[in-house]
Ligand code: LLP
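In the block that follows, a single chain appears as structure tokens, in the form predicted alone.
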């Protein structure tokens, strides 16, 4: 879907120079065609499993009303972590029986809203939360369905900042504590236990850590059924499926890895004479990451003789904080000149913030010059959603592409938008 036509870079079949000219830069560009392709691979991985898959899009990766509407149209559910994400889903018209609520520190307001809207599932992240939810449900005369987020103590091989299942973690309930809950479930009469959830981290590239976690969590499924908890019928293996940001990255293969996980579940249940559970997944980055690029205009090109060349663009850590947060790697392309051996130049791509906000430490580009349009690829996840107004810069617009169509998904901020909530105390006047 990504190629050069007449020396101009096309993304999802559309001319990036024309997009930059029409909408300005920086510009978030999202391809519906790529989103649909990623989802089709996830669905394909469940083809031989006897239960229908539940695919929850991890809203934290990229949430707005248009995205939620698109997901709803494609039969995809939504994983939410805040009141804002739940209200966005409601405004977009998604039924709350397609929502799941996560969070290690859900507020009273969020839980109350979720209960009043009859949300499909709440993932309980601590024993304290379980007690709070049980009491609140009684007060509101509700009986919510829950999953217990289990911390299986698995060390996924990923960045420490996105590894969420080590023993020392704010996320989840230990295996032993979960067993205690199962064995004393009568203490929580106002909730309905539906199953178990785990999420081992992000940017995982193969099935092994999921299988290590599953080895522990599926025993909890067996224990619950042996204890007569017939309502338990779901295992949620989370998300974190990795994508290929740069050529050396390995992309998670759902056809291979999810099928492997499902086979283990099915074989275990058959050998233990257990009903085969529903299996849920919660991909975010995998669905929308490859579907996005960010377009910038090149500004200052600074040659430091014998050291390096800095290429500055009109964005940076405000619209893509992942480099600053995780030292994330990206690829980039000069859109108005085809990259070839005769004009390659190794440069460092930097942002415009009053920080050392390098976007790419070193990359070979087609001799960048002021006014060129640069595309950074695989920016669909955790770029728009993590945007900040640092240096009082405004958020870029987001556009959606589909076939030969294009439309604004989220308006760009104006300076007036930026200032509208500012107040000056009367004693300063």
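Worth saying up front: this structure is predicted, and the values here are computed from it rather than measured. Numbering follows the first chain given and starts at 1.
The next section is about a form of this same protein that is not shown, the form predicted together with the named molecule.
Although the partner is absent from this view, residue 284 contacts the named molecule in the model of the complex, with a non-hydrogen atom inside 4.5 angstroms. At the 4.5 Å threshold, heavy atoms of residue 387 stay clear of the named molecule in the model of the complex, well away from it. Interface membership of residue 319, defined by any non-hydrogen atom within 4.5 Å of the named molecule in the model of the complex, is ruled out. With a 4.5 Å cutoff on heavy atoms, residue 241 counts as touching the named molecule in the model of the complex.
For the three marked residues, 43, 194 and 221, no heavy atom of any sits within 4.5 Å of the named molecule in the model of the complex. Of the residues given (203, 151, 280, 350), 203 alone sits with a heavy atom within 4.5 Å of the named molecule in the model of the complex.
The contact residue chosen from 376, 35, 67, 58 relative to the named molecule in the model of the complex is 58, the criterion being a non-hydrogen atom within 4.5 angstroms. Checking 194-202, 114-122, 271-279, 87-95 against the named molecule in the model of the complex, the stretch whose residues place heavy atoms within 4.5 Å of it is 194-202. Interface residues of 88-115, taken as those with a heavy atom within 4.5 Å of the named molecule in the model of the complex (partner not displayed), are limited to 102.
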